[in-house]
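Below you will find one chain, with nothing else, as C-alpha cells; this is the form predicted alone, and questions on how it binds or moves follow later.
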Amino acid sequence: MSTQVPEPVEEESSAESVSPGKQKRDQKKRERAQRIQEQREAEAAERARSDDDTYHLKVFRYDPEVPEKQEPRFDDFYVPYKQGMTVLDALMWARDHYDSSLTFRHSCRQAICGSDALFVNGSQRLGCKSQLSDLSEPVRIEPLPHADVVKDLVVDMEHFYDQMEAVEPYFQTNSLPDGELDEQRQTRENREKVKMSTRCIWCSACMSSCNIAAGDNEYLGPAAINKAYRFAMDEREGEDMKQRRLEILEQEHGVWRCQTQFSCTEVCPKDIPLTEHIQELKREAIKNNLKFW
C-alpha cells in the first residue's frame, strides 16, 4: 500500500519586509495620531466644564498697614470658570468682584514682563501662563518664597535687582566699528550660543526656588549669573571685560555657591538652561586661573 505524500504548502510571510525609513514614518504617524487624540480628549474635558462651574482659590493675604490684616492668612475665592482662564485671570476676577484690596503685580499678560511670578500649588509659575485647567483644586496661590512680602502677593524685588546690577548686565566693548553706521557684527554660531540666556525676563522665579539663595543673601543667584553669561560669552566684548566679569563671578558668593540642584532650571518660564550656564562659567573660571610657566 503506497503512502501518499501531501504536497508542500507555501507559507505566507508573517511580516513583509519593511524598510527602516517606512517604519520610522509609520511610527511618527502613530505618535501624531495619539497626540491629536489626547489633545481632543483634553479639549472635550475642558468644554465639559460649563460656564457655571467655579474654581476654588486659596489666596495668601497680608497687609501690614491694616491692624486686622497684619496676621497672614488665606482667603477663599470661588471664581466662575471659562475656557482658557489663567491664574492671573482668576485673580483679576476675584479682585474685581470680591475684594478690590487684593493686591498682585501684572502687566503685559503675555509671559514677557515677568511681573506676575507667583508660588502656585507649591511651584514658581507665571500667573498669566498657568492654565487653571492644569491645576488641582483648591488652587493655592502665594507670594514668591524667600522674599519679603510687601502686601498680599507682592514681594520686595529690590534685593533681586541689586544682584542683577552687580554683574553689570549691559554690553561693554573696547573696539567699535570704524564707520559711524557700521554694525557690531556677531557670528551666527556665537548668537546661537548666547541665545537662550537672552530670554530672561527678570521674574525672579529661579532666585525664589534656589535653596542656596535662601540661605546666602549675598549669593548672586541664577538669574544674575545667567545675565553675566550672556555677556561674558558674547564674542563682541573685549577680553579685558570678560576677565572683569569672571572676577565678579568667581568670588565667594558667585558661581561656586551653586550646588547644581537644577531647581532654577525646572521653574524657569522661558526654559533657560540656567544650571548648564552656571557650570560652563565655572569651567571658564578654572581656565582663567590656570598658570603655565
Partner chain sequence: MYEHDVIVVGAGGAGLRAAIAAHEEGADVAIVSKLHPVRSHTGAAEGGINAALREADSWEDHAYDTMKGSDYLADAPAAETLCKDSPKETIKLEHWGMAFSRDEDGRVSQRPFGGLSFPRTTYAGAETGHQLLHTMYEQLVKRGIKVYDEWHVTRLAVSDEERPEDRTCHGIVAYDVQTGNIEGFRARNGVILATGGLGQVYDHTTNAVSNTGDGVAMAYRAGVPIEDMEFIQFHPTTLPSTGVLISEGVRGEGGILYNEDGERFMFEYGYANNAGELASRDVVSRAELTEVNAGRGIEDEYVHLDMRHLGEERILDRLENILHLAEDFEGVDGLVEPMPVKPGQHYAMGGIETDENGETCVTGLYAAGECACASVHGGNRLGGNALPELIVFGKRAGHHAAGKDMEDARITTGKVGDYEEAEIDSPVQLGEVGLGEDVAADGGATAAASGSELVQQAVDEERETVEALLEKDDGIQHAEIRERVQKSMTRNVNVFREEEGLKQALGDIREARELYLDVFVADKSRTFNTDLLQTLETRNILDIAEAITLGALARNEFRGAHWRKEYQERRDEEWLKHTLLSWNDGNPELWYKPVILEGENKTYEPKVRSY
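Computed from a prediction, not measured in an experiment: that's the story for all the values here. Residue numbers count along the first chain shown, from 1.
One more form of this protein should be noted, the form predicted together with the partner chain, which is absent from this view; the next part is about it.
- Among residues of the shown chain, Pro64 is one whose heavy atoms approach the partner chain to within 4.5 Å in the predicted bound form.
- Residue contact check for Pro138: none of its heavy atoms lie within 4.5 Å of the partner chain in the predicted bound form.
- Although the partner is absent here, Gln37 sits close enough that one of its heavy atoms falls within 4.5 Å of the partner chain in the predicted bound form.
- When the partner chain is considered in the predicted bound form, Cys200 lines it closely, a heavy atom lying within 4.5 Å.
- In the predicted bound form, the partner chain lies within 4.5 angstroms of at least one heavy atom of each of the following residues of 111-131: Ala111, Ile112, Cys113, Gly114, Ser115, Cys128, Lys129, Gln131, in sequence order.
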